[in-house]
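Listed next as structure tokens is one chain, alone, in the form predicted alone.
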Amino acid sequence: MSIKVNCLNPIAACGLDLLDDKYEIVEDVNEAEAVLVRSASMHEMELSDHLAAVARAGAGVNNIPLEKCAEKGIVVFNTPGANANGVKELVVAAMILASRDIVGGIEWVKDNKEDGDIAKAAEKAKKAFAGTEISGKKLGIIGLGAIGVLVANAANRLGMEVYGCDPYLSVDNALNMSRDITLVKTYEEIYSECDFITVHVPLLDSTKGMFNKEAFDKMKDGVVFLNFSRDTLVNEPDMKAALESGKVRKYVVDFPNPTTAALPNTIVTPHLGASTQESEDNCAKMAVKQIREFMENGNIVNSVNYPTCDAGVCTTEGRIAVAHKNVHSMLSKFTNVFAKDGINIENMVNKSRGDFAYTIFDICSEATEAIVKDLEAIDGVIKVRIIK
């Protein structure tokens, strides 16, 4: 039987082309074992019992009910880094747009297109759109994930003095960052030093509204603030006050809403960060590869609600994957089931993340529905899948 996949949004063909004849694209999401999604909201959806995976072709997962999925054993994936270059390029463009009134100059030309002497008039008018260069300015980056590191390296090459802060900086991202980047331990060091500040952190309860009056008061006068992460990271009434006072000289944000669209001294783009053909292609291919790895091998890579768990390719007679609660003595209960049925476990990988855990068993005999039923009967087991 084929593995049924539903696309809640259009997914780039280069990604779907990676699904071989083991897979079937279905129109009815209730038939699907795996879902591919971009921006469609899943919060009000009824999630079927046989849905095993959701892959978001992008980094943000605000449109997916993560806890609800975890409770049903549905592993949710995202594609961190797949759209990083597209966002990086827009951030660089945003710094230049904020430094020089290019938008104002373009609008002036449009408004004066009927002037037969526009070239001469432009020479007089252009002083109103003069600005500053970004070379030599100090840029502070809050959040050094895939996007933050690319922004840091690009800004460094453009001659900026770059400071970065990330309490969760990974080894891989640190190794990919130019040695010229200055790492600081606190946001306050960035606030006090930097002419430009760009934020690249996820939206969590702990980060919502983190850029507020208290933060703005610590920043340099006339700072340029860039937000290509999420609008709600910023306390918008406090940002409005900071813009009106001149504390923040310019706010560049990629999330239009009734407030941001009306803010003074603000450049708002219509969520263009990942709107490149390359980003869409990269996200689609990465999402499909994650679905295939999970459905065919049971392995979890880049999940946002279950732990990373990789047992490689199965070389034994059978493989079973179990999503379960992260509670005491689960492993002993599992091994007792296999022992009762006379099945030898050749390899086992167990990982946990918060309240949830995931275990892969490679066994020396064929996995059967009888074993699945015995495992499902254990209190705390959420979902059991026969991989092989």
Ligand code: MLT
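Since the model is a prediction, treat every value here as computed from it, not as a measurement. The first residue of the sequence shown is number 1, and the count goes up from there.
The discussion below concerns the form predicted together with ligand MLT, not included here.
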Superimposing the C-alphas around the site, does ligand MLT, as posed in the predicted bound form, end up open here or blocked, where blocked is 3 or more of its atoms within 2.4 Å of backbone or C-beta atoms?
open
Answer yes if any heavy atom of residue 271 is within 4.5 Å of a heavy atom of ligand MLT in the predicted bound form; otherwise answer no.
yes
Using 4.5 Å between non-hydrogen atoms, is residue 247 touching ligand MLT in the predicted bound form?
no
Interface membership of residue 354, ligand MLT in the predicted bound form, 4.5 Å heavy atom rule
no
So, in the predicted bound form, is residue 59 in contact with ligand MLT at a 4.5 angstroms heavy atom limit?
yes
Out of 326-334, 51-59, 356-364, 339-347, where are the residues with a heavy atom within 4.5 Å of ligand MLT in the predicted bound form?
51-59
I need to confirm a contact call. Of 240, 220, 230, 138, which residue comes within 4.5 Å of ligand MLT in the predicted bound form, counting heavy atoms only?
230
If the cut-off is 4.5 angstroms on heavy atoms, which of these, 303, 290, 83, 198, is the one near ligand MLT in the predicted bound form?
83
